[in-house]
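Below, in structure tokens: the form predicted alone, a single chain.
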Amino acid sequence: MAEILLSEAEKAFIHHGVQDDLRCDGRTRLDYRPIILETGLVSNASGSSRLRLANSDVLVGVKVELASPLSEKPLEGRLEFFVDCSANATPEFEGRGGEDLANEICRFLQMSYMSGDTINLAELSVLTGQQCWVLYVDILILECGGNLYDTVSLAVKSALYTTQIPSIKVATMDGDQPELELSEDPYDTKRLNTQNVPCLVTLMKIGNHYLVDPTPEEECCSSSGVVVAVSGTKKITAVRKIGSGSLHPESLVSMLKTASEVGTVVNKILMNKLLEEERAGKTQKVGFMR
């Protein structure tokens, strides 16, 4: 992330605003900034979305391919995440500057989806122990405006919601090898149940209080925080501490409880908006690649 240079007076102003539950942009400590979401933007992907949270901008594309399942999980397909930070997002991403952040986000997403309650990977199995669907989730960070973890997770969930998986049938056996037949109908597809796919909630501690959806300036004023993955059933699937400062056990418990409540609300609102967009039918796309 790009380093924000703030004077002591500016930091004090931010601290006092958080203390009074009135942040610099008028939000309370548990308010998010405006979110703009579009889906189905990349025509050659199985599913896609672009999400803008204030000045943070993320594009996600999902491709589905047949592959062999993992030997330790022969009954399941799998998800693989790839994160790329555009050099235009921030000057610090030029060259290989964004690799560390990309790897951190990628690892935490993988950890968040490991719980069996988030997504039913058995639905991706085609032939037990032989063939399965693999969902390659490609994430491109176009712009950094704070709170990247939350932005990426919401965009990923939206892209997975719109992902179309082709219907496939197992034909008669040819010797010992079964033949797979893809449906010729492009609309003969299925979708995963993404109701319990986790959303990430970032809480940063400033002074004696904590807040969600921090701006870059607020991130600069905080020495510690947590990123919490919360499923649609209010279950916490992963936790990651960020920052060099320490957290008191009581503060950590309170932050996890707040993250669970906020994450449940965010999940519900996102799913309702995705359903509304689906019911509205095809609309003119005005975003990326259109």
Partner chain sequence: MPVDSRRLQGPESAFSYTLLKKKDANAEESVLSADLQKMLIGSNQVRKDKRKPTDARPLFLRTGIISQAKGSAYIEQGNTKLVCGVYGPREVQKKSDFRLNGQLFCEFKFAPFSCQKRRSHQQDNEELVLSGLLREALEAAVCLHHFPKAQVEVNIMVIENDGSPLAAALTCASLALASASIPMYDLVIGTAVRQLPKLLLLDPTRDEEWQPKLNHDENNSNLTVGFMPSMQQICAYVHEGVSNPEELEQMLKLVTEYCLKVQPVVQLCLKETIEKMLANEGENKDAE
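Numbering follows the first chain given and starts at 1. Quick caveat: nothing in here was measured; it's all calculated off a predicted structure.
Just so you know, the form predicted together with the partner chain exists too; it's not on screen, but the next bit is about it.
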Query raised in the report: Quick one: is Gly26 in contact with the partner chain in the model of the complex, heavy atoms, 4.5 Å cut-off?
Result: no
Query raised in the report: Any chance Thr237 has a heavy atom within 4.5 Å of the partner chain in the model of the complex?
Result: yes
Query - Contact of Pro249 with the partner chain in the model of the complex (heavy atom, 4.5 Å) - result: yes
Requested in this report: Answer with yes or no whether Ser115 is in contact with the partner chain in the model of the complex, where contact means some heavy atom within 4.5 Å.
Outcome: yes
**Report entry** Residue stretch of 212 to 220, 83 to 91, 99 to 107, 153 to 161 approaching the partner chain in the model of the complex, non-hydrogen atom distance within 4.5 Å
**Finding:** 99 to 107
Query - Residues within stretch 28 to 43 having a non-hydrogen atom within 4.5 Å of the partner chain in the model of the complex - result: none
